[in-house]
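One chain is shown next in structure tokens, namely the form predicted on its own.
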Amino acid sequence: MTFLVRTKRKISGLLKALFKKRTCRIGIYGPPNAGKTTLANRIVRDWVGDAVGPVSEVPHETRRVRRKEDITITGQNGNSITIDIVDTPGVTTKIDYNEFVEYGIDKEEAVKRAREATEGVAEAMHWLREDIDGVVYMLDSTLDPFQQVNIMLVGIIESRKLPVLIVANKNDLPDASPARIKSAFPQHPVIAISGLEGNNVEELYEQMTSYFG
């Protein structure tokens, strides 16, 4: 997104927000290392010039829920929505401290991180039950989407009757397969993007303004 386009949309969104402000909490959920914080940072950077948190190739870098409030997103159609972005830890069925040891982290620190990550998953699930109005569900499009944690978590989101956008992330990689994700979740909109490179994030913003608005 160019500076001029971003500035124009920010001004348009702020003017609309003065007269009709619609705020909802959008949670970014998904398995570890799907690119949740990378996307959260891109959204916040594009619209308010800030960031949510650090990213890393080490699993469970995000071990606590982080929130950034009052982000106004404006689509190309002129629709806008004001949201709180809620970046959540990667949800998984089991967290083993050896996952951290494999990345050169000593055992004591690895055990501490595993405990924090486990607590973070519980916190993320509490938010989902109590405080989330819509979900962006992130998947790494180079991996098999038919994993137990994905089926389980999307099922929980559906049971709460929350609107959910499925994001097939990392579509800039040669082995990415957004089509495989679409086949796994045909009942939901699927947007293929690269949160890191910014590919197709405009389409995601468009979908967010209409889907969560």
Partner chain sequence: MEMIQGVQIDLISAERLDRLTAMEKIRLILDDVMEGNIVILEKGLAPDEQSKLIEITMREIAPDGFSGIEMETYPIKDAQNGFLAKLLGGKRSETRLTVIGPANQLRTLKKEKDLISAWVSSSR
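Everything quoted here is computed from the prediction, not taken from an experiment. Positions refer to the first chain, counted from 1.
In what follows, reference is made to the form predicted in complex with the partner chain, a form of this protein that is not presented.
Stretch 148-156 is the answer when you ask which of 171-179, 66-74, 148-156, 28-36 has residues with heavy atoms within 4.5 Å of the partner chain in the predicted bound form. In the predicted bound form, the partner chain lies farther than 4.5 Å from every heavy atom of L139. Contact check for I132: every heavy atom lies farther than 4.5 Å from the partner chain in the predicted bound form. Taking the partner from elsewhere, T92 is found to have a heavy atom lying within 4.5 Å of the partner chain in the predicted bound form.
In the predicted bound form, R160 approaches the partner chain with a heavy atom inside 4.5 Å.
Shown without its partner, the chain has V111, T118, V121, A122, M125, H126, R129 in segment 111-132 as residues with a non-hydrogen atom within 4.5 angstroms of the partner chain in the predicted bound form.
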